[in-house]
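Below, in structure tokens: the form predicted on its own, a single chain.
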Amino acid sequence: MSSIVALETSDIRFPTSLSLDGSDAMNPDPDYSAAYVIVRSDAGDGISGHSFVFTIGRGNDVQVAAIDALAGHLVGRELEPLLADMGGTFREIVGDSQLRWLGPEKGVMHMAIGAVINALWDIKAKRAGLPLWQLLARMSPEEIVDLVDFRYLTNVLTREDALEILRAAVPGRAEREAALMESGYPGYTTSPGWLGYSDEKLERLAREAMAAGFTQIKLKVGADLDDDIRRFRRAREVCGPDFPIAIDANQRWEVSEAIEWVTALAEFHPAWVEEPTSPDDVLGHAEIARAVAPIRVATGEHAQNRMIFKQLLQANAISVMQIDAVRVAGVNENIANLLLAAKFTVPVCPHAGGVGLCEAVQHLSMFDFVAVSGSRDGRMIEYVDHLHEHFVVPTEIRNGSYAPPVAPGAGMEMKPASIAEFTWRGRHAAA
């Protein structure tokens, strides 16, 4: 047996506000950042687990402190039993009543738990010699459902429901894995659409996106309607009348305002409208969805837990579900989210970009294709060409699609030199 000897955290910030990369109507000057954690053990294999929570700057102070608060759950404990029962490990840490009180099961503490859970998955995948998506996709249906906490879900998704979904996908797993290796997983890009970019830069990046093989782009909207009409018109002139262009308001609008704004942009045929209002307003999303149909409503990058996703699906509030690799409590809770989407036959198009979100969430979509939904139809992963060079295994895009990672692990490990260069106030350690 080996023991966990340290939970190391770093406050890593990139000055993306200088170029307005990531700028939108709600977040005009983000500095893409990562509250980064390394789980170290005394095992002779030298494998450590790497993960992070994505923030946009100063929130890192709080997020790093939350991760540090979890050291007592791990440091000094034997590693192998934790890895052998990742479902139990998840439920134990999420169930710490005094930390759970801070949510419950949402917010900074919940995301910190996700970082620790994801770091343990990184170790488990590295030890298995497999990328995380492949490790998950080769588990039996029974092993997969053991990872999920079905509490609060059973009125719409039971363990038996999940087993039925997963068993139905077992035939064809090998063929889908082979198809994934051959052609990858479809992507779309938000790179042309940041709100702080000039029209000329938008047009240039839209052309480049189409030339690179992406089959959809996304524009940020919501600050000024006249500007949005002008920018959407320019994008349509570049991309043509039938090329899918989604829009993203980043929670900027009231419900009535969202309906009016999307109606005003309807002439440009948005592929979907994303985060039109508060991520917690389930009924507001449902009202918007009814009013703007057939334009689809998408949300999820700020959905704080599996219960919010359950309600969004129950209320027919979304036609596109957007999970995030680090917003909820890690891999385990996102498996629950994928199963919910499969139960309601709603496609999952994850949120990505930021710092390392592309590297992380691709594993979940690829697992979904092979072992859960069995489909790539109408599904794609967001891609933004920012900061990939800082990762040990950076995302690879081929003809607009994500090439499946083959390196063992969860894909969230940053290069030591990048951690050192962009650490904001030094490294913290809890041991």
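Remember, it's a predicted structure, so these values are computed and weren't measured experimentally. Counting begins at 1, following the sequence as shown.
The same protein also has a form predicted in complex with a further copy of the same chain, omitted here; what follows describes it.
Using a 4.5 angstroms heavy atom cutoff to a further copy of the same chain in the predicted complex, all of Lys106, His302 and Gln311 count as contacting. Interface membership of Glu164, defined by any non-hydrogen atom within 4.5 Å of a further copy of the same chain in the predicted complex, is ruled out. For Glu396, no non-hydrogen atom is located within 4.5 Å of a further copy of the same chain in the predicted complex, even though that partner is not displayed. Put simply, Met111 is close to a further copy of the same chain in the predicted complex: some heavy atom of it is within 4.5 Å.
In the predicted complex, a further copy of the same chain lies within 4.5 Å of some heavy atom of Arg327.
Looking at 80 to 88, 314 to 322, 197 to 205, 181 to 189, the stretch with residues near a further copy of the same chain in the predicted complex, meaning non-hydrogen atoms within 4.5 angstroms, turns out to be 314 to 322.
Think of it this way: in the predicted complex, a further copy of the same chain has a heavy atom of just one of Glu237, Asp280, Glu160, Glu142 within 4.5 Å, and the residue is Asp280. Scanning Lys343, Arg176, Arg127, Arg252 against a further copy of the same chain in the predicted complex with a 4.5 Å heavy atom cut-off leaves one residue, Arg252. Contact annotation for 65 to 97: residues with any non-hydrogen atom within 4.5 angstroms of a further copy of the same chain in the predicted complex are Ala65, Ala66, Ala69, Asp96, Ser97, listed in sequence order.
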